[in-house]
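Encoded as structure tokens, the following chain is the form predicted alone, with no partner shown.
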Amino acid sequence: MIPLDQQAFERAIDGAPSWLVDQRRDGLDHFEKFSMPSEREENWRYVELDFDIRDLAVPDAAGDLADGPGLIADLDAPVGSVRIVDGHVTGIEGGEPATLITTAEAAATLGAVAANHLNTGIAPDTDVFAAAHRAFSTGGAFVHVPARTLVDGPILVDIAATAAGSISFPQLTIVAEQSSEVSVLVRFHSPNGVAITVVPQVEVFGGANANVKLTTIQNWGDETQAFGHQRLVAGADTQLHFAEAGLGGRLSRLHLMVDLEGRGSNAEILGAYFGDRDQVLDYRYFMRHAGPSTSSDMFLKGAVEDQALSVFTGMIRIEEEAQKTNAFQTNRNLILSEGAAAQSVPNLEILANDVRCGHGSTVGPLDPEQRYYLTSRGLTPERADRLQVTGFFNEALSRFPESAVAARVAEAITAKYVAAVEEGRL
């Protein structure tokens, strides 16, 4: 294990080209200036951290991974796969006709493609975790899809953490050139009962008229705390589809930034999350419309039970140049136990005058009228409530880019709810 100091920085820059060394040095400068976030800060509202990142250390090698691919196993016709364990790439297979390589290989061989995209999506001044990732990350995957290339099948990315008391910085960068199409499926996971911190970073760049689909399954172990950053950037007429299933983690945070820069670009952002016991699921979503005639639809559904907490703060910003924009933001939450809570704070910042924009937010229990109707048709109250929970999530899951994954996520959500009922927690 290597502390987050000069030694970890030297390891991160070992063999790197000069431009990447400069990036990492910038990250280190920011890291040394940052203090740990506090819930007094608007972007960390509702969540109080009880640790200091500087007390953690990075693993010097990948640990043993007993857990298999889980919810992404046996998918039809994957074209490539990569596994990242404790911040170290342990295997890459296939990917053709896309280029699927490590970030180190991309920095060494892809020239301007790597220099113009790698580590450019998430700024090191975002927070202390983004700064630490920029300074200390050593392992990740780079997906490059050439112009006018169709990747016929998903690329699977398995990101795991295993080492107790560690912090790791896995990375995924996706560059889809003009008129290309690709679907990438990511699973995040770690063992239960092991205290681990993970700071994953995902960057997606869609060229003009590209179609990029990204599906992530967050299935961290019950003692893992994760602080993820993702940024999606769209060129002219680019289609971005992002879906996230939030299932695990003691504290799992996703800071998502979407930039619709090109004229006519579009983003569909979907989410389904379920928290139980004392989980905290923390979502901070930022949608920026910069190009004219752009559109976005942000649609998330979540449920919490026991003493779990979910947080959603969403911001849609429409720049002055982004006339004729359509943007909508919806977050709906079920509260299944008296001790559970959900915070939902949608926001709009509109600088243009020719737009259609709206948001909606709800927090509440299961519908007693629906329960009455279903029980009047012969269902038990338990079965009626279970059917309500299943139906609640279906509206979001039915729009996930990978339908097979959506079905398995639905099963996992139902299993969490049924377990709580059978154990007398509901």
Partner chain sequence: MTAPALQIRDLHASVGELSILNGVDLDVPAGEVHVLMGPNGSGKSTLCHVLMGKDEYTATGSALVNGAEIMGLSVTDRARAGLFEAFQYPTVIPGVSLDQLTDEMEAAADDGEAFRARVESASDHLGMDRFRDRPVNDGLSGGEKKRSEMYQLAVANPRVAVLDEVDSGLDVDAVREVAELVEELRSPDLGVLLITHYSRILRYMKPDRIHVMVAGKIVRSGGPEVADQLEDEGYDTLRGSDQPDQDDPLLDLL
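These numbers were taken from a predicted model, which means no experiment stands behind them. Numbering follows the first chain given and starts at 1.
The form predicted together with its partner chain exists for this protein as well; it is not shown, and the discussion that follows is about that form.
- Only one of the listed residues (S38, N43, T362, T390) places a non-hydrogen atom within 4.5 angstroms of its partner chain in the predicted bound form, and that residue is T390.
- In summary, among the residues L374, C357, L65, L56, the only one with a non-hydrogen atom within 4.5 Å of its partner chain in the predicted bound form is L374.
- With the partner left out here, its partner chain still marks one of 43-51, 374-382, 23-31, 57-65 in the predicted bound form; by a 4.5 Å heavy atom cut-off that stretch is 374-382.
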